[in-house]
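Form predicted on its own, single chain, as structure tokens, below.
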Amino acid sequence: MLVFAASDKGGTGRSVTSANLAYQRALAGDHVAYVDFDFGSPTAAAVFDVPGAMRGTEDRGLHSYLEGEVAEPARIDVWRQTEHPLLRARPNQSGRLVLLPGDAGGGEFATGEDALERCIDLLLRLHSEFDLIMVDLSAGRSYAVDMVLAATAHPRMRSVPFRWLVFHRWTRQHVIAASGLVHKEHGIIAGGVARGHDEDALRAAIRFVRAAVPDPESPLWSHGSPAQAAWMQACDEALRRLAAEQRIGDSVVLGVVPLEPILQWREQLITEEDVLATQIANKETLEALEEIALRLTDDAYWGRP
């Protein structure tokens, strides 16, 4: 299955959350590919702690492949090449975890028919090889978004299942932006329909993930004044009303990731050791990531209206 990770703004937690979801699925035994289509900022390797590719690879990555310079893009075996000590000690039951990075120094570029065909070829090959393919897209209505909308509408890919995750933070601007990316005139749905997608099917394949959501009831905020607590509760209620008005309310939310200091400061994979041994991460965050990872391919959570 293909899962496209999108957001209208940067700083939504899209890449770090997507990497954590990929990691959780690999831990569960699935073979997972992480495809860095964030062409303007191919930094997924930093989340996986892979040296030498923190800002893209020098070894002919996705930019070179899509532009026709190489027949296959570079691949990184995360378990083998990471500097993260826990990831290097790969659990026996885990599946493959492979990163396809962008090129170092690469940027956004217009994608024509040749690039589209190469994109389709790549996604089909990955679909035959991996259980789950996470595709991290550039923020906004980008060339990458347009390309994968066209690719998944192509007759060659009609039998390949796909889903979309749209990430946003729990703020007024981010709620409005995420809704616009999906629902407005030039959004994902309209763009997909223009490229041949069925509107109802595409809409049903899109769910939202709220990231960095503060819980007014959590111990993290318990030291605030009564006035601050009341204000936070009022803001949370107002955001829920706004999300419902913008058609990104609870019924289309796949999951919520709490505000997590470790993700704010370092943007890393969260492991059980971070929660149980070093205690630098919160249990609720790890549980939220595990839950969303399971729901990615669970039709019970995607069948809701």
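Note that residue numbering begins at 1 and tracks the sequence as displayed. Model, not experiment: these values are computed from the prediction.
This protein has a second form, the form predicted in complex with a small molecule, left out of what is shown; the following refers to that one.
- Message: To test your reading of this chain, name the stretch in 234-242, 65-73, 266-274, 247-255 whose heavy atoms come within 4.5 Å of the small molecule in the predicted complex.
- Response: Result for this chain: 266-274.
- Message: How about residue 212 - does it come within 4.5 Å of the small molecule in the predicted complex, if we only consider non-hydrogen atoms?
- Response: Heavy-atom contact with the small molecule at 4.5 Å: present for residue 212.
- Query: Would residue 90 show up as a contact with the small molecule in the predicted complex if we use heavy atoms at 4.5 Å?
  - Reply: No, residue 90 sits far enough from the small molecule in the predicted complex that none of its heavy atoms falls within 4.5 Å.
- Message: So, residue 54 and the small molecule: in the predicted complex, are they within 4.5 Å at any heavy atom pair?
- Response: No - in the predicted complex, heavy atoms of residue 54 and the small molecule never come within 4.5 Å of each other.
- Going by a heavy atom distance of 4.5 Å, is residue 21 a contact of the small molecule in the predicted complex? Result no; residue 21 lies far from the small molecule in the predicted complex.
- Message: Going by heavy atom distances of 4.5 angstroms or less, which of 139, 182, 120, 176 would be at the interface with the small molecule in the predicted complex?
- Response: By the 4.5 Å heavy-atom cutoff, the listed residue in contact is 139.
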